[in-house]
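A single chain comes next, written as structure tokens; it is the form predicted alone.
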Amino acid sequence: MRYEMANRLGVAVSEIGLGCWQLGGDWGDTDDDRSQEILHAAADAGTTFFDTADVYGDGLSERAIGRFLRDRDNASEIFVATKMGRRLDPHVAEGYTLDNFRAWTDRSRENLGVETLDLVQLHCPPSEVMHDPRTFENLRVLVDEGRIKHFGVSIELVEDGLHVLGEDDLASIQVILNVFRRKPTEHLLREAHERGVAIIARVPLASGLLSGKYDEHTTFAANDHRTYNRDGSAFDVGETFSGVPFEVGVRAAQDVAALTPPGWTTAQLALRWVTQIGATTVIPGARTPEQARGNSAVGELPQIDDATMASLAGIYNSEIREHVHSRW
């Protein structure tokens, strides 16, 4: 595993993290014992960065990580990032108050079994929240009170990420970044790195499209967001298949799969692309311990060659760009 120094986090984190949305739900049924196997498999393979949120299973994902931490001899080496804000219903800017921040972080601290949260990210809030100076003043209060060590934002729009880079103590930006979602590579990654702000790349496999295993006949469980959120009726459609129409994504992913080097999986190719273009850490999910180990193994793969990188760019420009680039 390679480790990247995240300057404003003050710690080196594993290049391959683990996204823990799947441990809470929205990807079909969950099982706590299987969740523990996945968490330990990732950690045993060198992963030190784990990302969750207070709404994943209404705290189920956080509690699973809390149990995992209690069972790890090296728990002090594990970095847990969580998120807050999506407990609001309706999800409106007026709810991003200091009182709610305190209540949400106290609940996450209890779920995770920690005194102070390593990193709290605003969970894709309305844009006006990130343009309101009071938002960051309130986050600084949480730091001063010892509830959190660092704060960051998870964003939908690249423009919001560029705006919040003006906060001198912002520690991280989480953004969708994958072979099918390249807009952050134009300016956001470079400017974040210049400021020492960590880039956390989510949805790196485009909700599994970039595993290369799906075809136009693939179906998903009714309680899987890949079934119920294809039209964006539950949350931003960009979180499901990266906003790429399923049939378009399947065809493009087959072209990506044809570029997979011998001995690699297509998922590993897609993850290595994300790390190679400059993300601090990438947070694929895993449904099995085997997937977690396979993802972590990307931390030891060599660079993708220039010809393959160019071919991947060609697939994006010819098949995907028109569907996503101007939207997010």
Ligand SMILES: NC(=O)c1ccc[n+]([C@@H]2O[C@H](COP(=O)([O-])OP(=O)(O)OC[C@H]3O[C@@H](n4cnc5c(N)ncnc54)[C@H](OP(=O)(O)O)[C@@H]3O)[C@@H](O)[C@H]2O)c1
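In case it trips you up, residue 1 is the first one in the sequence shown, and so on. Quick caveat: nothing in here was measured; it's all calculated off a predicted structure.
The same protein also exists as the form predicted in complex with this ligand; that form is not shown, yet it is the one meant from here on.
Partner contacts here mean any heavy atom within 4.5 Å of this ligand in the predicted bound form, and among 253 to 261, 199 to 207, 69 to 77, 90 to 98 they occur only in 199 to 207. Taking the partner from elsewhere, Ile16 is found to have every heavy atom lying beyond 4.5 Å of this ligand in the predicted bound form. Looking at Asp118, you'd find every heavy atom of it more than 4.5 angstroms from this ligand in the predicted bound form. In the predicted bound form, this ligand lies farther than 4.5 Å from every heavy atom of Arg34. Taking the partner from the other structure, this ligand in the predicted bound form has no heavy atom within 4.5 Å of any heavy atom of Asn111. Using a 4.5 Å cut-off to this ligand in the predicted bound form, each of Ser211, Tyr214 and Arg226 places a heavy atom inside that distance.
Residues are counted as partner-facing when one of their heavy atoms sits within 4.5 Å of this ligand in the predicted bound form; in 92 to 126 these are His123, Cys124, in sequence order.
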